[in-house]
Ligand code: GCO
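The chain below stands alone, shown as structure tokens; this is the form predicted on its own.
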């Protein structure tokens, strides 16, 4: 086995909607045939993938009878058993049907909100049946284009009400399910509620059971508006709220592109992978990306392999950085280790008095250089294979 060959210990996972994406876009129809969910599992298993995730409607057609549903689940579970794969995450589609055009949990119509909660309860039960421990909430229609139409404080109250109710449902049923909110700033709505990781983290603290709810940040969603995904993930980890993560690639200022992981901004991807590998995060490395529209057949599975190889290559580079003596010396010159040192410690009257009595020399402090250009260049050379 080579260093770039994935296997289940890497905890890589893909959504049914990722490799199963048919290549349609707002300007053209599908360019690839539909793939059967059980066949997707078998193909991914052959590539060394650990897990698969799904929307409720990805697996069970909304109009399926109970017997049809059970037959689909049985066939899907057989593929999981045959490959040794797991269902790493489940979620619910509350964005495709016209009923949700004004929102799901935040629709102005109470009956739509009740429908959304009922559909989510069924999706949670499907996830539990398949062994998923995480239920992701992407509010694809939770937003507005007309500010007058949807008072944001009322919308947040309805969002909170839905999540509190669903936490109660999970607790009442004795499920071990945890929830992960997936922020996104816009698209398909003009402005979406809980647009960034920071918004979601603040909102979680207002819930009745905040310990049950974390975040599922996606690279494309923070990047599309020019934010650092690396920083967003670090904040989620520091808060103990990184329950799941969606890996892909994105260019700033564009629509949600969902490119193959590593296809854009290798520097950001490099530090992100290093963070995940060094922080103790033990959840799925989930690729929420899709093949280019021009791909068919073998190209779909080359896309999946590429996501994993890029991650493993960057993980290898991150481990090399920790052992590179020149880079370690450049980190010292930049003063990087000093950021981990406490500044003043806990407050006390004596500590405050001592600090106020200290004579500082701002001019001397301003003379210090931090040698960031050299440090950055060394990292660039590492990524370019020059070190």
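Residue numbers count along the first chain shown, from 1. Quick caveat, the model's predicted, so the values are computed rather than measured.
Separately, the form predicted together with D-gluconic acid exists; it is not shown, and the next lines address it.
Novice: Report the stretch among 135 to 143, 313 to 321, 168 to 176, 226 to 234 that approaches D-gluconic acid in the predicted bound form to within 4.5 Å, counting heavy atoms only.
Specialist: It is 135 to 143 that comes within 4.5 Å of the partner.
Novice: Quick check on this chain: which one of 161, 129, 277, 256 has a heavy atom within 4.5 Å of D-gluconic acid in the predicted bound form?
Specialist: Checked against the cut-off, the match is 256.
Novice: Answer with one of 113, 119, 290, 241: the residue that has a non-hydrogen atom within 4.5 Å of D-gluconic acid in the predicted bound form.
Specialist: Of 113, 119, 290, 241, the residue with a heavy atom within 4.5 Å of D-gluconic acid in the predicted bound form is 290.
Novice: Please tell me whether any heavy atom belonging to residue 91 falls inside 4.5 Å of a heavy atom of D-gluconic acid, as the geometry stands in the predicted bound form.
Specialist: Yes, residue 91 sits close enough to D-gluconic acid in the predicted bound form that at least one of its heavy atoms falls within 4.5 Å.
Novice: Do residue 218 and D-gluconic acid come within 4.5 Å of each other in the predicted bound form, heavy atoms counted?
Specialist: Judged by the heavy-atom cut-off of 4.5 Å, residue 218 is in contact with D-gluconic acid in the predicted bound form.
Novice: Even though D-gluconic acid is not shown here, does residue 246 get within 4.5 Å of it in the predicted bound form, heavy atoms only?
Specialist: Judged by the heavy-atom cut-off of 4.5 Å, residue 246 is in contact with D-gluconic acid in the predicted bound form.
Novice: If we define contact as a non-hydrogen atom of the residue within 4.5 angstroms of the partner, is residue 55 a contact of D-gluconic acid in the predicted bound form?
Specialist: Result yes; residue 55 sits at the interface with D-gluconic acid in the predicted bound form.
Novice: Let me know which residues along 313 to 327 have a heavy atom within 4.5 Å of D-gluconic acid in the predicted bound form, or say none if there are none.
Specialist: Nothing in the stretch sits within 4.5 Å of the partner.
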